[in-house]
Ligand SMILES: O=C(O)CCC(=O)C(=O)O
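One chain comes next, on its own, written out as structure tokens in the form predicted on its own.
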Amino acid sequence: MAIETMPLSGSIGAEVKGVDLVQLGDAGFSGIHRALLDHAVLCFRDQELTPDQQLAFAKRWGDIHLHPYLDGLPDCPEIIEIVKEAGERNRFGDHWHTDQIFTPLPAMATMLYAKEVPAAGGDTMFASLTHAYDALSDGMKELACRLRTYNLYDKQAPRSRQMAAKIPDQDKPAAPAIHPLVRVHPETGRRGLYLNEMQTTRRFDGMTEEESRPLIEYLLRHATRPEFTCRIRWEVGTLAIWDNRCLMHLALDDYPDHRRVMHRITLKGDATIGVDQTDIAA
């Protein structure tokens, strides 16, 4: 089934037109799956979804990834309600990151559904880690393919009051996860960078934070160049899904006097695949 899409930028992202996710058939879902691989992030406007209906759509993609450090809704634990009250700072996702990089099996995709949004502000930015890798010099690609990142969730990072309350056992240390800096996408076979800001990607494996910082900061500046990005402006009823295996995203904190409520589901992923060391120069 052909899916009508409108690109969000010249590099990544598309809005899918004329689709009711509740009534979506198998052929339509197949087209949407193909579109996600092509565009990396998709948004659907004017959706009316109960938590159960959002969960049913999510399960068409695979098993649900439960966040190891955040509690979900009492009646639907697969959904994390992201709330920022008027007068609070957002602080949740307000830095460049890919979801769940701090776990051994990071989330394959994230699905976010807008329940309450400000009239303006609160957009989400996305950056293509695939385009970022492709644009590196051959020498930097070869170096990056040999490195692994050390990632750790920060339970004590500043958050809004309601989001901080969702973290049980705040004094119990999080467990680290190590991943290749260059990840091979399991469906497209394309290579992409795979890292977060140093709030989570603390250093390279076998190196100190001081040694790691200059290269991590350079790669983040490189990966978030405007030509690698797109932006979603949220409306009530907008649902977006994005591929964590090849994107970073950032929630803009530019609506201090307004409330914002989003329902998030993450989809279970696989172990990260690095570049075969015998094929690094390819």
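Note that the structure is a prediction, hence the values are computed from the model and not measured. Note that residue numbering begins at 1 and tracks the sequence as displayed.
In what follows, reference is made to the form predicted in complex with this ligand, a form of this protein that is not presented.
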Listed residue (V117, L147, L112, I101) with a non-hydrogen atom within 4.5 angstroms of this ligand in the model of the complex:
L112
Scan P106, G93, G192, G72 and let me know which has any heavy atom within 4.5 Å of this ligand in the model of the complex.
G93
Quick one: does T124 come within 4.5 Å of this ligand in the model of the complex, counting heavy atoms only?
yes
Tell me, yes or no, whether H97 is in contact with this ligand in the model of the complex, where a contact means a heavy atom of each within 4.5 Å.
yes
Hey, in the model of the complex, does A251 get a heavy atom within 4.5 angstroms of this ligand?
yes
State yes or no: in the model of the complex, is some non-hydrogen atom of I82 no more than 4.5 angstroms from a non-hydrogen atom of this ligand?
yes
Taking 4.5 angstroms as the heavy atom distance cut-off, pick the stretch from 217 to 225, 51 to 59, 25 to 33, 243 to 251 that is near this ligand in the model of the complex.
243 to 251
